[in-house]
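Here we start with a single chain on its own, the form predicted alone, put down as structure tokens.
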Amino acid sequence: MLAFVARRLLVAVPLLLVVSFVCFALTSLLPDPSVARLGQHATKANIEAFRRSKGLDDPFLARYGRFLAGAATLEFGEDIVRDDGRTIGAGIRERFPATFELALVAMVVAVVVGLAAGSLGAAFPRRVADAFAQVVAVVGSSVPVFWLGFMASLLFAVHLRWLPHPDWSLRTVAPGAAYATRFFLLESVARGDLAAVGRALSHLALPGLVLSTIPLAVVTRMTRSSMLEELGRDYVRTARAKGVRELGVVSRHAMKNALMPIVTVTGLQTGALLGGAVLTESVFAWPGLGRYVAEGVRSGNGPLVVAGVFTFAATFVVVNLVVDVVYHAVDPRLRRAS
């Protein structure tokens, strides 16, 4: 297993280099950050002086080398558009925990509900459970996330008042407390503060449920199709002939063999959630990395956008590495083959 992980890490390094090169090469298509900093009415001389002072006129390889150095230290250099003296990396580190915990809650909801709905739909085809699974899959993949976010906020936060308007800050999750990180939910769980965990989940509920709709549809469809294929195999008929109950057939026999494609789509959807939370975070004013990058696009902050896209891509590579490791943990045939 350790040798396999080492080989995967060796593959991930050149992959990240390629991703970093592509992301940085796209800066030529973005607006000039000096114009965004100085304004549209700045003189040509002022713009040229600003570009020289920030190294924007340096050769491509020199600027790419600085970008790689910043990516290695998670700093990405000075934010030359925002006049606050902070680095881009500081802004990314400040906002990434909110996006991570939002994606985590959304993925947990998608996996739990998707596995249950897909398994029931496969175990009882052409019945109420199967119809429910197909409705979940169709609605989750067809309803726009931004529209669903507005409607969910209007219904559950305004009219019914079952859930609060999301306000992801320490003063709402744990007022008066001092946290070492910005992972408010995970640190509250580690501290055993059930009240803070409850407040964190209440603020995560609306955006988390809305964000979970797309992966929920994918997991439900994949679980149903994989389970239907496994439930038709000989070993399942043998288990039923031996008197094993249907719940045991589905959970102990068929589910284990159906997990491989489900793990695949779960890993892909987890990586996509981290990068695809831009709309959800914008609708709910969630202080995450997706909204941070969206603000960079609106303000013409090209270096911030490139750093955010690279962070999403690197996270996707890491998630796929974890999925490959889970493959070997789930399927003993892969361990024997390696």
Partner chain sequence: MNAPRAVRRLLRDPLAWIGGTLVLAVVAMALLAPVLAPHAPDRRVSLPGAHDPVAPDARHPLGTDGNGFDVLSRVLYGARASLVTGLFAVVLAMLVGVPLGAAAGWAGGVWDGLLMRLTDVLLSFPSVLLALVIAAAVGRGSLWTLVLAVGIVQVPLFLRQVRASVMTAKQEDWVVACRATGLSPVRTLLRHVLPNCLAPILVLATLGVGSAILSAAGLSWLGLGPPATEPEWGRMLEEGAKYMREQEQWVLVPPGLAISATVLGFNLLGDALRAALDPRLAR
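Only a predicted model underlies this, so the values are computations on that prediction, with no experimental measurement involved. Residue numbers count along the first chain shown, from 1.
The form predicted together with the partner chain is left out here; the points below concern that form.
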| request: State the residue from Phe132, Phe124, Phe156, Phe150 whose non-hydrogen atoms include one within 4.5 Å of the partner chain in the predicted bound form. | output: Phe150
| remark: in the predicted bound form, the residue from Asn257, Thr264, Thr87, Ser141 with a non-hydrogen atom within 4.5 Å of the partner chain is Ser141
| field | Any non-hydrogen atom of Val325 within 4.5 angstroms of the partner chain in the predicted bound form | value | no
| task | Consider Leu321 of the chain shown here, and say whether it contacts the partner chain in the predicted bound form, taking contact as heavy atoms within 4.5 Å. | result | no
| task | May I ask you to check whether Arg252 falls inside a 4.5 Å heavy atom distance of the partner chain in the predicted bound form? | result | no
| request: Decide whether Leu304 counts as a contact residue for the partner chain in the predicted bound form under a heavy atom distance cut-off of 4.5 Å. | output: no
| Every residue of Leu26, Leu29 and Ala294 near the partner chain in the predicted bound form, heavy atom within 4.5 Å | yes
| message | Using a 4.5 Å cut-off on any heavy atom, which residues of 308 to 323 would contact the partner chain in the predicted bound form? | response | Val309, Phe312, Ala313, Phe316, Val317
